[in-house]
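Here's a solo chain for you in structure tokens, the form predicted alone.
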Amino acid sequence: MAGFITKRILFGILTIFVVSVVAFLLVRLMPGSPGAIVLGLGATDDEILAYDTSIGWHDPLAVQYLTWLGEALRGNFGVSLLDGRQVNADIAARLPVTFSLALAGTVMSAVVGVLLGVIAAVRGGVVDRIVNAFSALGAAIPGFWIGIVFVFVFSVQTGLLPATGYVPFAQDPALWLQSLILPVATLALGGAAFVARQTRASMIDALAQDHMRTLRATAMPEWRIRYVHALRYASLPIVAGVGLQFIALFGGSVIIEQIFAMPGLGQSIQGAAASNDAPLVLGIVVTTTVVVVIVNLLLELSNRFLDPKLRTS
């Protein structure tokens, strides 16, 4: 196990390095220069050139990247070109928002999706067709459309929940929960459809295994066969699907954060990319990659815990 963890950590470090190189090169291809962004439209060409030279903008790309990498390894992603704020501070303020959305959306997706998938596999018939229809609709309907409908129904028409904004948990836990309900429900609907489809397929396969028939022959209660042994057998692809769902929600919450005015990483990187704010874009990309690498490592470890055959490989 120690050797496996070491290999996965080294692979994760390599992944982060490759992503940082690609992101750096892509950011470097963005139009304009830091001097033009920082000094504004009133700056002369000489002033822009002097500023760019002072920060090493005209140095060779390899030198620029190694300089940036050295600072990043020390935990310093630089300063935003637009507001002069430390990129680290901006990420630290926005990361909890995106993480809360992704984690809560994943939990809700897992609970609803696993419940529906198990019911569909066990009951079959009309129930199975209803769950399949829900899965198809949940996968087909765009998330932004669901969010707009939720805002119209629960905020504009009834006033039950706030339409936009985010309240930190430390400031007011009750308002924090209220501010998350609509965006989390929007994210979870499509995720629950995916998890339900995955769970249904895995449970049907598990219930058809020979050892399930053997358990029935021993007069074991049917509920124990279905909800303990079969569900445990089906858990490996389900857990993998839930983990991928978290990664998808963490990295793909840009539109939802825009609809509900959530000050998360998605909203920040959209504004940074539109404004050519290279340091902020790089900082968010690398931070997101680190989170994804950590989640993938946890998924690998959970798979080995759930499947004894993987522990010996």
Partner chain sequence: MTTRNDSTVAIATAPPRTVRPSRLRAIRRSLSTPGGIFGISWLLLIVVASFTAPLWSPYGPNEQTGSVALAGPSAAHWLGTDDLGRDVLTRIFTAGADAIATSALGAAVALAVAIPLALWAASRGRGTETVINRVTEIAMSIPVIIIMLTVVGIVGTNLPLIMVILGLVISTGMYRVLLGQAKSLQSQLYVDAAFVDGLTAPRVSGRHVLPGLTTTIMVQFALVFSIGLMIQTGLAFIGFGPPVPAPSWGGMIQNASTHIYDAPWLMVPTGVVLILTVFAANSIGDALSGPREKAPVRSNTRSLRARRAAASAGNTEPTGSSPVAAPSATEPALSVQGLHVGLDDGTTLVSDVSFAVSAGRVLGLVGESGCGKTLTSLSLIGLLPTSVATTAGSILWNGRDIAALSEQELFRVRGREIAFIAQEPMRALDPMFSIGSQLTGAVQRLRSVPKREAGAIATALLEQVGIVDAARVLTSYPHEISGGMAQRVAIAIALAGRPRLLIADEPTTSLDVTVQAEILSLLRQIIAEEGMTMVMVTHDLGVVADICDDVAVMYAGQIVETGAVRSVLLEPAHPYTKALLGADPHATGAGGPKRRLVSIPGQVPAPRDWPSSCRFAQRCDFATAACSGSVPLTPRPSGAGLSRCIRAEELFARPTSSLPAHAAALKEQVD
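These numbers were taken from a predicted model, which means no experiment stands behind them. Positions refer to the first chain, counted from 1.
Below, we turn to the form predicted in complex with its partner chain, even though it does not appear here.
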For this session: Using a 4.5 Å heavy atom cut-off, indicate which stretch of 108-116, 74-82, 138-146, 169-177 touches its partner chain in the predicted complex.
Result: 138-146
Problem set entry | Heavy atom distance at most 4.5 Å to its partner chain in the predicted complex, all of V19, L26 and I255 | yes
Exercise. Any of the heavy atoms of V281 lying within 4.5 Å of its partner chain in the predicted complex?
Worked result: yes
Problem set entry | Residue contact check: A274 to its partner chain in the predicted complex, 4.5 Å heavy atom | yes
Exercise. Just to confirm, F152 within 4.5 Å of its partner chain in the predicted complex by heavy atoms?
Worked result: yes
Problem set entry | 4.5 Å heavy atom contact, I247 and its partner chain in the predicted complex | yes
For this session: Using heavy atoms only and a 4.5 Å cut-off, determine which of A89, L103, M220, I130 is in contact with its partner chain in the predicted complex.
Result: M220
For this session: Could you tell me which one of G42, P60, G70, P31 places a heavy atom within 4.5 Å of its partner chain in the predicted complex?
Result: P31
Exercise. Who in 191-206 is close to its partner chain in the predicted complex, meaning a heavy atom within 4.5 Å?
Worked result: R197, R200, I204
